[in-house]
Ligand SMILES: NC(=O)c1ccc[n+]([C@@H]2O[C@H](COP(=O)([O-])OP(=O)(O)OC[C@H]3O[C@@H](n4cnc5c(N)ncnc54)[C@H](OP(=O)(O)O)[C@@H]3O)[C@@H](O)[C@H]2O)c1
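We begin with a single chain expressed as structure tokens, specifically the form predicted on its own.
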């Protein structure tokens, strides 16, 4: 087998395509021949030791995979050789093989490609947990999505519409705005790539104008940084501000804003929720697959690259060029 290994902290250029012995599943595990792996923003952090989880080196990044079951460990039931599965792995996915606890893998339908399956679990799992479990998004509410053209952002747009919300997509370019409208957003806002005080005031004013000055019921913030404060200023009474990620930096929040708005700031750590509530995760995955079968959600693949080009794929994510998802594939 081969893996794209991180031997020392650093950027994508430090990853090395390396050969290792083939794997064997332990008790309770299945061995998966990786056909595709999703690329996500945490992959850019974990190789720099900047993520919440710091695996011992050497390790391969890659938090979600799809592939075929090629070996079954002791005590595992419900799987057969050749089953098509997707799985949340945390790390290790940028490889040709990976062992996965059987209870963390999910079979996926023939109508879903390996690339779509590898682009499915992280983005839709995160956004569904955020909107359903953390925000209790209700029909008729207004949802604002920051970083809306990225993987989790697109998933939030689709899921918001499926849940009956009015969705406003906030992005950094006109091209991304058009893309978000094409996947179902009702409105799109283009914000400045460098947010100063005047830009913050303008951004907040534009949000309030689009909501008829009533404010945003749910804000899905996958950007952070200086974008957080103008969004908080635009919240509706008893709105829910979801903390999803910080590619623009960890924001400093004036706590008088949630007081004045009577709104909540709610953290979204989907990876931890999978282990804290495995039954809830399984239920959400089943509901998401049904939404896929009914054509209400569909992963948008921005780029599909060979596994050996992982550094290039991570660069696309770091430069915030992605519209949808980037996946890596094994022939």
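Treat the numbers as computed from the prediction; the structure is a model and nothing was measured. Positions refer to the first chain, counted from 1.
A second form of this protein, the form predicted together with the named molecule, is not displayed here; the remarks below concern that form.
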*Since exactly one of 230, 92, 245, 239 fits, which has a heavy atom within 4.5 Å of the named molecule in the model of the complex?*
245
*Just one of 262-270, 292-300, 53-61, 28-36 has heavy atoms within 4.5 Å of the named molecule in the model of the complex; which?*
262-270
*So in the model of the complex, does any heavy atom of residue 234 sit within 4.5 Å of the named molecule?*
no
*Should residue 309 be classed as touching the named molecule in the model of the complex when contacts are defined as heavy atoms within 4.5 Å?*
no
_Just checking whether residue 223 would be counted as a contact of the named molecule in the model of the complex - the rule being heavy atoms within 4.5 angstroms._
yes
*Any chance residue 66 has a heavy atom within 4.5 Å of the named molecule in the model of the complex?*
no
*Go through 38-54 residue by residue and record those having a heavy atom within 4.5 Å of the named molecule in the model of the complex; state none if no residue qualifies.*
40, 41, 42
